[in-house]
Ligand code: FER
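In the block that follows, a single chain appears as structure tokens, in the form predicted on its own.
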């Protein structure tokens, strides 16, 4: 495992690169695909469901790159200052970094919750660089919530957004998060990505409505929706079903 920072202008993106089992990165001439994993809102790269999914990916011969996004984990910035636009900028830099790694043959992109939304946006922006997309409980309702003035338990006038929003657990989110989220229309980026997509969603997810997962599956031209019965937003009950679905999907693409 290699731990390092990717620099995007003045920002530092914390990253961990791990090669497939039995394949140390220093092995001369070794090449394999790479899967990028992006966490969600208030999350970080060390969450157990992300680690488990990445472990399963490495079992099928694919390296993994986990990252902490702006304002989260060990990366630059504060949670209050983070916005989807900053995440998009850093996400593009992460893909550019991954493309330059000399061992990489193909790139896969995974993201959970807000990271799933980001993955959907990045795939539409860089469709020729990604072999497949796996949104995990993708929170692509966030822009709609910002436009409606009801975001992460914070209620506000969407036409007069305050500078601070009090969200779950009393955390403070900057008003710029909602202001910039209103500009984003995920459907536009969905239409630009034509590669294979697998969406995974727990039917008991209390944070992301199932209707959004179903709608995304309809809009992508080459997609499947895997519903994990009764499971939560973080796949706390049937994580083994998630890892199995990811393994099967990636094995079919290799």
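Numbering follows the first chain given and starts at 1. Quick caveat, the model's predicted, so the values are computed rather than measured.
One more form of this protein should be noted, the form predicted in complex with the named molecule, which is absent from this view; the next part is about it.
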Have a look at 123, 110, 151, 94 for me and say which one sits with a heavy atom within 4.5 Å of the named molecule in the model of the complex.
-> 151
Partner-free chain; cross-checking the named molecule in the model of the complex, the single residue of 212, 220, 70, 41 with a heavy atom within 4.5 Å is 41
Give a yes or no for residue 134: in the model of the complex, does one of its heavy atoms lie within 4.5 Å of a heavy atom belonging to the named molecule?
-> no
Decide whether residue 114 counts as a contact residue for the named molecule in the model of the complex under a heavy atom distance cut-off of 4.5 Å.
-> yes
In the model of the complex, residue 52 touching the named molecule (heavy atom, 4.5 Å) = no
May I ask you to check whether residue 233 falls inside a 4.5 Å heavy atom distance of the named molecule in the model of the complex?
-> yes
In the model of the complex, which of 33-41, 223-231, 59-67, 188-196 comes within 4.5 Å of the named molecule (heavy atoms)?
-> 33-41
Taking the named molecule in the model of the complex, which residues of 204-219 have any heavy atom within 4.5 Å of it?
-> 207
